[in-house]
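Included below are structure tokens for two forms of one protein chain, each presented in isolation as structure 1 and structure 2.
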Structure 1
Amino acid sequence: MNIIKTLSLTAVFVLSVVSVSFAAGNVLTSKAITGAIPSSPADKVWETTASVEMDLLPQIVAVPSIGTATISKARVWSVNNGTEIAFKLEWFDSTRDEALNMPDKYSDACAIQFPLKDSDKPNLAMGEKDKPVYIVHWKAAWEKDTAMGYQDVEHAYPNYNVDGYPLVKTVENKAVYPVNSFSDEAKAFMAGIAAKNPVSNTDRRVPVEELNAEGFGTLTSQSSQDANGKGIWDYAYWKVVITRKLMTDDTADTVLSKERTSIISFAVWDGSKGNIGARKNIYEGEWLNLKIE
């Protein structure tokens, strides 16, 4: 598989709320539309699309976990135009958490998960040995990074003071930011950047990340990132759209088409409740059947 063996310090899974129409049973129907795929959660096409409401449960299979769900319900919609597919996820969250640059702050987030192989129904807990999964993960912190630039120390702690950074110019004991202006030699002393940790990506262009896993502790970021997304916090609701092509040239991506039977699952994190990594809320029914019109 076309995957960088870089352990991502994230984990995954998500969903929604509010709609007049509902899809039946445990089937999520991706409505066929013409024209461009909606990239915004505010697009009017979502108002004409059936949704699935899901109860969420705490992830308790792996440690660390959470004892009770911090987000109890979510909703999902989907549309496709024969080439691309979009999923809109929505859930209630009274706090907007979009920090990753402080040790005691966590980001709101969500993710969708597919089996990588058609014939597999892997363990919901991020797959299992020889039954890998494909994941697209969105973070509120990454949304902020793409809108305002990489959020680093000077944003989290505007009054910080240091003795000095190796090979980095300082003014009044403060590093001269942004990080992307630092030399490659200086960046070598920054552990996250030097290790190519996706969380330390200072040049993030999209708020989502494509990953693969074969069980807990195996989550790896793909070397080729093709998905996109957009999230807005609207009157205490997170509304997130994740888009990708139905089929790509990347063998690490799940192939989606109306001719194939697909299943999908979701997870969501509430940063203010300490949700991070395996501390997440997952779909009670485990897998939804995905019908692509």
Structure 2
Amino acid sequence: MNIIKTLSLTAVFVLSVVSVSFAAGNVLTSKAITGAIPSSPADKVWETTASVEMDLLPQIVAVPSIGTATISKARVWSVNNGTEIAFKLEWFDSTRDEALNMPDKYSDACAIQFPLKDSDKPNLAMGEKDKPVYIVHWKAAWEKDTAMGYQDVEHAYPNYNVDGYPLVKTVENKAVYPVNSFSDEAKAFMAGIAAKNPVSNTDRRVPVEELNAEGFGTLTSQSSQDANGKGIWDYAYWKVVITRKLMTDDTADTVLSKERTSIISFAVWDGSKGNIGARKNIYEGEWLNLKIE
């Protein structure tokens, strides 16, 4: 009993020391660390790094929108080692939504956004013409794809039966399910895959995607993917780390550097509430300042 009390008191103490709430003009400081950048949200380094809490609002600028916020608060941390930078986002979500392989299921997700050019302060809502933004997007469904293999029809409906698919081998009159085993000829019957749509990528290696946009409806996946991430669902909290190099060779990536203040923004989706695309929660209406120590 005493031990539990002591632990909970310690937890309260730690939180009160390292956490501040964002208000207008507040700064998220990316703390300088030495050694490897944390690739996991469970890494110890986060415990000694200050976090800030964000109030989230429903996206209402563009159609479609959501009437009320489905996630109202999120917490964010950042650290960097001079070469790479990591962000950790955490928010309460009692439902773990990681299916995109059913017609009525949507994935939990989060994203961070930067102006592509340092001098710009583009429209917070996905940038604007000639003022592009750079986005790193994490999805719970992609986390599951990378951890357990591409989630497909047989995972959503384990007892389903099919006679076969065109040009796909059958073993003992049963279709061979894993789509990655399909030949290119067989994949031609799956239009999204044949069209090389990035969301139809059945061989996803990282749970994040780098994108650019110049306003609503222009979101485009990058040809060169340089970011990484890791998300865990821990007692009804999503804890997600997104990492990337401060500077990359890709001109479509925002350049981040030490001793320099950038601006940044965040968005969070709750799949079970039908959140997808523009149906999302965003930080309340302003770019945040990011200081990289």
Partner chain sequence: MAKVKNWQLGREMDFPYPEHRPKKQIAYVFDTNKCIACQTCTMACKTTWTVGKGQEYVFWNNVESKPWGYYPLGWDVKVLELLGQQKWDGDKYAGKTIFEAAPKGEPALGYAPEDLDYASPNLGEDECKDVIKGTEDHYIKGPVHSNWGFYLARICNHCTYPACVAACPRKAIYKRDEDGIVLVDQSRCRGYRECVKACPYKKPYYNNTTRVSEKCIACYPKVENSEMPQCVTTCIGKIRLQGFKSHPDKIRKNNPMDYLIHVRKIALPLYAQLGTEPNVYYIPPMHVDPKYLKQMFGPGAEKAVQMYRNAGQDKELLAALLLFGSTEKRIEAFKIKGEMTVGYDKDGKEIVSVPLTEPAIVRPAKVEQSGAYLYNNT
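Just so we're on the same page, rigid core means the largest C-alpha set that superposes within 1.5 Å between forms. From a predicted model like this one, the values you see are computed outputs, not experimental measurements. For numbering, take structure 1's sequence and count from 1.
Comparing the two isolated chains, structure 1 is the one taken from the form predicted on its own; structure 2 is not. Annotation for Thr68: C-alpha shift under 2 angstroms between structure 1 and structure 2, rigid core superposed.
The Cα shift for Thr48 between structure 1 and structure 2, taken after rigid core superposition, is smaller than 2 angstroms. Core-superposed comparison between structure 1 and structure 2: the Cα of Thr251 travels less than 2 Å.
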